[in-house]
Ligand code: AHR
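As a starting point, one isolated chain is supplied in structure tokens, in the form predicted alone.
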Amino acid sequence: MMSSRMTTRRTLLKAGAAGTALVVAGRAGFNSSLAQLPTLEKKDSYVVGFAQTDSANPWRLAETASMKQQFEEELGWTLIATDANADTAKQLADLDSIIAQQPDIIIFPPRESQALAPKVLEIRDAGIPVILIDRDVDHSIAVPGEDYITFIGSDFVDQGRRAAEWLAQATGGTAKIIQLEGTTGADPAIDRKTGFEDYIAGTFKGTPTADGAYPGMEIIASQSGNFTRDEGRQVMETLLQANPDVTAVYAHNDEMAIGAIAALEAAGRTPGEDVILVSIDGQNNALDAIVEGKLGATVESSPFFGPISYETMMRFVDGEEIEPWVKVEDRFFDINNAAEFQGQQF
């Protein structure tokens, strides 16, 4: 089932004034005023706020490093950086602290799509423009182009579809699947689950797929591993005990997939042979696991948001109309190309 937030995003990209009006009307109970998007004047240097969700895995560390390299090292600007330590309440508090310091712009990945959406409206009302990266917010609450400049990120639904398509081919359309989900309420977790489950059910974004449904592919268990390696390992250990007949694992990120590999090996299973794994992110450790034959494939999800955030910000400064979704194109890694990119990711 496709989430209402994703339906709204896709609709927004195609909608005219009438469609936008429907989205705005759905914001009753929050701030439904049509306040102007804050402007950003052209000058030599800016203060940029960056509220990171956590630093618990290589992807997040790479994202933070990319932001620091772009804004601090290359441009010499001031970057007000915080770390929420995987706590939504702390990210909200971090944003309050950043707002109080009156930066020129705030660029951040919202940890949860609904919980952070009202905060985007607060930032707008404080006169500070916002760019969301990696994760989006609920468009029934906050709308790109009206409440914040844009969302920069991957097509998470398509990432799930690509993982499902590969797994269907790799297993011949027959598999008992354990799904390791990302953080509950997080944009990529919702969408990667939707894209994967819809594809094996025979649809993609509401349209029937050419190959149709895969009735032989059954998700026998699905639980959050919170996008971390250790929780992925622990959840896999528990689910494996209850589902020893598992033949495939779909992890919403590489860290959980690597944790699952450890759990499988500890249980005497052979990842890549009796259990086929597919994941998302494209980190160096995942490419190593592909070369070793333990991980089947990974869909790239780039963490290098520094350059594209800067480029988008300056387009806004120059008065360009920014599309509501600045889409990041992602590659696909499997045994055919993983060795070529080893050590070049994060």
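Because the structure is predicted, anything quoted here is derived from the model rather than measured. The first residue of the sequence shown is number 1, and the count goes up from there.
Just so it is clear, the following notes concern the form predicted in complex with ligand AHR, a form of the same protein that is not shown.
K.L.:
Please tell me which of G225, P188, G160, P144 lies within 4.5 Å of ligand AHR in the predicted bound form, judged by heavy atoms.
P.N.:
So the residue touching ligand AHR in the predicted bound form, by this definition, is P188.
K.L.:
Heavy atom within 4.5 Å of ligand AHR in the predicted bound form: which of R124, R135, K176, R233?
P.N.:
It is R135 that has a heavy atom within 4.5 Å of the partner.
K.L.:
So in the predicted bound form, is ligand AHR close enough to W59 to count as touching (4.5 Å, heavy atoms)?
P.N.:
Judged by the heavy-atom cut-off of 4.5 Å, W59 is in contact with ligand AHR in the predicted bound form.
K.L.:
For the chain shown here without its partner, which stretch in 67-75, 127-135, 193-201, 263-271 has non-hydrogen atoms within 4.5 angstroms of ligand AHR in the predicted bound form?
P.N.:
Stretch with heavy atoms near the partner: 127-135.
K.L.:
Between 92-109 and ligand AHR in the predicted bound form, list the residues on our side with a heavy atom within 4.5 Å.
P.N.:
Stretch hits: zero.
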